[in-house]
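Take a look at this single chain, the form predicted on its own, given in structure tokens.
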């Protein structure tokens, strides 16, 4: 009987797998059965985990019951961090601009080192639920709490736009539907399980998502390096030879059997600018490289959903170790992303390949390298997992800011726990609708859209946390003045960015576009906010004694 079942299964599955393999070799525009089955299976798993670990009260919804282990939290941090911007966007940036894209790798990684050294343990010791909670309490101001909550929501929305774009691209590739429907369907699914699970289910899901993300990302790299005779044992080192080939060029006489899945030999002319991060030929400068790395670094330490992760562990020591584990898990992927960019550069060198969407270059590279279609499908599902893990964390952070910091702390302090949970879920739905609408406009690359959120966080929340934790003389008046300075810089940069996208040319457009670019305006906004905070604090009434005593006895002890 067992043999009969196996035979029947083989007869049914062979045509399915064959069709999947054939369909998945097409770059765009077809429904890919195998990848679709993999994607649906993974999504069902996410929803089931969300139901099993669903939030039962506000502590579960906001802080996962404060019972996540440091390794589990580290995996959740890494999964939360490895968004579509990391999984898809980082390779896209390096594919488009060569080593200039390393500024994003340096900034996003260095930010966690900054968090580990300056904030992780102290934030947990302060013992709040959200970033706005800390700001309102530390600066003894309900107004600052409300403003902090609004900023947290804006940052979450800005960050999510890029993620929804990534979800749209992967759903479009797998299902063969247009980008708009892909964004709507993918966004609806991630919204459903975030509503069901809250922070507890989201954190449990993130640990599963991390495993899916990292396995799906690494397997094609071993196959590509082995297949094209590079050092495959450790592709993250072996890819250096691929970069050398891109820089020096590959003559037609040396290509031999080196052809992509479309039958093109990948001979290519020398591209030395690939390894020159600020060469004039790339149109990028040294200032932009440093400004991007700096802005991303301090922006990391100001992101509400990153800060909120330190509240889910039992102790301050666990918060610090969770950052160490998070960095370890993050580095595995960050070390691997440039490999896709380098292989993508070579495999798509033939003009007949045409112009590829940079944000999908990870998947295209695996396809052009003739990796098995089901593995490519698993890779695409990993990209969706990466976006889902980050979006869910951001939606929880944003909805917590609304329900906990605005509604309960400012508008209705007597609200029941049931009503708080209801408002958190309503806020989640509203945010998802706004994010979907903006994502459909396709304003920039995924990595660049995400970088906007980092600069906004670097100009606003980062200075408040840095001075709030480490300088007890920082006052409410200083915080307000510093926040205004950071917001003004942010407003100028983003206004010019949006105007530029609509075709309007305002006075000083080129000057603002270069010195206050939307991806890196925090290079000046954050230092300015800190200086203004210090100057005004020196001129205003001293911080209340109980707060200074709390910082000394509880936070720094």
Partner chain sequence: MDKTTNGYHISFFKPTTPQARYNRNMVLWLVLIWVIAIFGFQLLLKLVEKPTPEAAYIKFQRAWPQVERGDASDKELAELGQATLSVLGKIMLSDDDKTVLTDGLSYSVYQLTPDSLKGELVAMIREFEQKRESIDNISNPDYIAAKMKLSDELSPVLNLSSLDIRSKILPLEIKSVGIEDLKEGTKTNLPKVMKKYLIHNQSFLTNFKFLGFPFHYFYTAVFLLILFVGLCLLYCILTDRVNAKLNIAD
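A quick note: this is a predicted structure, and the numbers were derived from the prediction, not measured. Positions refer to the first chain, counted from 1.
Quick note: we don't show the form predicted together with the partner chain, though the next part is all about it.
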{"property": "The partner chain contact in the model of the complex: residue 272, any heavy atom under 4.5 Å", "result": "yes"}
{"property": "Non-hydrogen atom contact residue 137 with the partner chain in the model of the complex at 4.5 angstroms", "result": "no"}
{"property": "Contact test in the model of the complex: residue 331 vs the partner chain, heavy atoms, 4.5 Å", "result": "yes"}
{"property": "The partner chain contact at residue 127 in the model of the complex, heavy atom, 4.5 Å", "result": "no"}
{"property": "In the model of the complex, the residue from 102, 146, 177, 480 that sits within 4.5 Å of the partner chain by heavy atoms", "result": "102"}
{"property": "Position in contact with the partner chain when the complex is considered in the model of the complex, options 215, 247, 150, 433, heavy atoms within 4.5 Å", "result": "247"}
{"property": "Location of the partner chain contact in the model of the complex, chosen stretch of 404 to 412, 435 to 443, 111 to 119, 186 to 194 [non-hydrogen atom, 4.5 Å]", "result": "111 to 119"}
{"property": "In the model of the complex, residues of 350 to 383 near the partner chain [heavy atom within 4.5 Å]", "result": "350, 351, 352"}
